[in-house]
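Heads up, the chain below is alone and in the form predicted alone; it's given as structure tokens.
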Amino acid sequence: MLIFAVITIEVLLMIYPISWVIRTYIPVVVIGSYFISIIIEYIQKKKFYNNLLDTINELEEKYLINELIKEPSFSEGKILKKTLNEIDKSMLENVNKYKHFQEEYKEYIELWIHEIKIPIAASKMVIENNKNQVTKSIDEELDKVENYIEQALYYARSNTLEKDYYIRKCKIKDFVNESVKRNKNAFIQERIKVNIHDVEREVSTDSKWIIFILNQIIQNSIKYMKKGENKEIEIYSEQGKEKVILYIKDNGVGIKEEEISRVFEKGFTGTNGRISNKKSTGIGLYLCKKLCDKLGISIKLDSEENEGTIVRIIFPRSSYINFE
């Protein structure tokens, strides 16, 4: 169209006695101006889109790109920016909707868990007043039910841990004794010796959540204990330069070397967990890892097949400020 316009102008100018310099100058200026404007527009767009791509590649949360790009000066860029604004708005509406659904579901789960505890407590009272071998077995199964219910409660709360924890100084001995007390029936039934020593040290943490974590580890040790005599779980602590380490050591069946790196994965049961009488869910250690991360502590596991397992819970000394 530009060439057609220039040719038309040149044909019309032929009617008049105009010098060849002017006739040459006019198309050069028109065509030159056109290509200069194209080059300027190209530079603007290239700079904008290169910056857009670089920013996206650097971002972990890609959806934040709209907040970081500047308002472009050309029409296509403005359309893109407006489109991204609409996408952001729609995404936020959907996220809030699903967040609301999740909150409702979490509230229902927590309510159900609290309600189900009532008939379990009542059943335990009936068992207490009618002790025999049958009710003893029922009581043991109810303990397992309580554990799964507690696991469900902590799983529901694990994503909002920051709203439900209180960091303070507490003695390792207190939460170790509480965890052992909760599992006393299982220790007696399985004839497992519990060796507790060097647990007088203090750490800064939330005792309620740590008791749950320790409880899951102890129950795993009980579940995967070898048959026979000399069953033992040893619990002790060590003082490091900038940390306190709590050890939970057992002489159970252990874990295969190639499976150790996956024990904290959600749903991973491993060879031991697939044994029919164990019925592992693969949730316990996953929850332990998730809660430890949120509490600012570390959990490590070492194991040797047919020799036993050692779990270390590492409390950094300076992770939290004490407000007491």
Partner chain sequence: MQEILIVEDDEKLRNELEIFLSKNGYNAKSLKNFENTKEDILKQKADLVLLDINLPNIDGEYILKEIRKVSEVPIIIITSRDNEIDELLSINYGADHYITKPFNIQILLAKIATLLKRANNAGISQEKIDCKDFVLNMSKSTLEKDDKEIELTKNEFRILKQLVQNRGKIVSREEIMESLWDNESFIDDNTLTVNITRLRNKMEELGLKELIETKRGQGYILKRRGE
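Numbering follows the first chain given and starts at 1. Predicted model only: the values in this text are computed from it and were never measured.
Form predicted in complex with its partner chain: not shown, discussed below.
The stretch that touches its partner chain in the predicted complex, counting heavy atoms within 4.5 Å, is 173-181, out of 173-181, 248-256, 83-91, 99-107. Candidate site formed by E234, K294 and I310: none of these residues places a non-hydrogen atom within 4.5 angstroms of its partner chain in the predicted complex. A single residue from the set V134, I79, V95, I196 has any heavy atom within 4.5 angstroms of its partner chain in the predicted complex; that residue is I196.
For the options S158, S207, Q219, Q151, the residue carrying a heavy atom within 4.5 angstroms of its partner chain in the predicted complex is S207. In the predicted complex, at least one heavy atom of N129 sits within 4.5 Å of its partner chain. In the predicted complex, none of the heavy atoms of F74 sits within 4.5 Å of a heavy atom of its partner chain. Although the partner is absent here, Y224 sits far enough away that none of its heavy atoms falls within 4.5 Å of its partner chain in the predicted complex. Contact annotation: Q239 falls outside 4.5 Å of its partner chain in the predicted complex, judged by heavy atom distances. Of the residues in 98-130, those that come within 4.5 Å of its partner chain in the predicted complex through at least one heavy atom are, in sequence order, H114, K117, I118, I120, A121, A122, K124, M125, V126, E128, N129.
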